[in-house]
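Structure 1 and structure 2 below are the same protein chain in two forms, each given by itself as structure tokens.
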Structure 1
Amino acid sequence: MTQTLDAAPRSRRRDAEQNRLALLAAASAVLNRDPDASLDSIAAAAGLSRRALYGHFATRDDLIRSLLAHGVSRVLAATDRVEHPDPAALLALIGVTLWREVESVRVAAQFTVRGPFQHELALALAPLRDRVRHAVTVGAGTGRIRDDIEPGMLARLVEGSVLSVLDEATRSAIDAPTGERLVALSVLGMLGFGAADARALVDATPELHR
């Protein structure tokens, strides 16, 4: 009898979590098509009622913050797995990994990065930014990358080079392999590589292309 009574709350919690994940997935897809999409359209895309949505997220901002947290956890987990002894290749790989994580939700990603949540996003991504800054410092110290720009500034410019490709991808039809190559070349160019050397490094690094 106790087992039966305990099973009901567990089942409800499981259903609630499934609904929450469905809402986040729907929000990601719907906001990618229309950053101004209504909560009603998001709930409908998840196959749930507006009331069910409000049971998980009190406001639209709460939903977007949860979507942001979910996305950041994925990005951090993916980039944590990226390793390479060459700091230039490592930075290009981090950029390509970021692209791979957001390529399917380009508009929604831009909405988060450029929108009112950018400060919260910056705080959430602090561990990744610290890693990029460290790689830049190591690369500059060993002469592998340019040393004429202060490491913190160069790290921000590297991040900007990834975002510039994402910007372009929201305006034109860039497929995944093209986007990855553009990100890698943009990062390497910012690090001081000439065009030929950047192409050679990308072509010699299997992890930079699928």
Structure 2
Amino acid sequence: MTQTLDAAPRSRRRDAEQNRLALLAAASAVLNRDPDASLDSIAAAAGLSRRALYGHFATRDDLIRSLLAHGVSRVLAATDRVEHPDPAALLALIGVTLWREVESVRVAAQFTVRGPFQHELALALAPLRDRVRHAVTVGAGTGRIRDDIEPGMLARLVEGSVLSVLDEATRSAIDAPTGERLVALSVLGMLGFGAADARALVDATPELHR
């Protein structure tokens, strides 16, 4: 009797969870290139057989759901820590933060447009989007951000501009510092900042410059 009195069902093996994470990582990488890659290719990328994958995830949807949950929580956790009094700088910072979570962000972005998780995902991402929209609205009120585009629309365009850069980053390999700078400049450009003003703000904001 080492554990309980009756039938000790011996706990999960450690490598199991390890493989589960490997599968999620592989899925993230593979689906980033091909949104409807087969489970076979995902399992192979994780160094496992397709049959083994079913030991960790009941169905394909289950895998994707877990992947998205994992990714969304990463993204939300990362962006939640970002704060700044200037709404423009805040938005640039959020963009830069998203850059650091490229894979998760892009997978999430894929499935906000296609697939059966759109609504569910949109719901999970709502707090972040609300925050962006709020910052845009506040900035437009103070005159810090352009007000010639309706805030809701501008918020979505900012989101789009960030995703644009992330797309570009996956095609041509971009190193972290330039990538972050590009995201910041894109966001600020969309917010109505001229090139000089944008550069000045980036240079003046250490979190953006680093």
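Please read these numbers as outputs of a predicted model, since none were measured by experiment. Reference numbering: structure 1, starting with residue 1. Between two forms, the rigid core is the largest collection of C-alphas that superpose within 1.5 Å.
Chemist: Which depiction, structure 1 or structure 2, is to be taken as the form predicted alone?
Modeler: Note: form predicted alone is structure 1; the other is not.
Chemist: Once both forms sit on the same rigid core, is the C-alpha displacement of A77 at or above 2 Å between the two structures?
Modeler: No, its C-alpha moves less than 2 Å.
Chemist: Quick one: core overlaid, is L191 moving 2 Å or more at the Cα between the two structures?
Modeler: Where the cores coincide, L191 shows only a C-alpha shift between the two structures that is less than 2 Å.
Chemist: For A52, is the CA shift between the two structures at least 2 Å following rigid-core superposition?
Modeler: Yes, A52 moves 2 Å or more.
Chemist: Can you give the C-alpha shift of A122 between the two structures in Å, rounded to one decimal, after superposing the rigid core?
Modeler: For A122, the C-alpha ends up 2.6 Å from its position in the other form.
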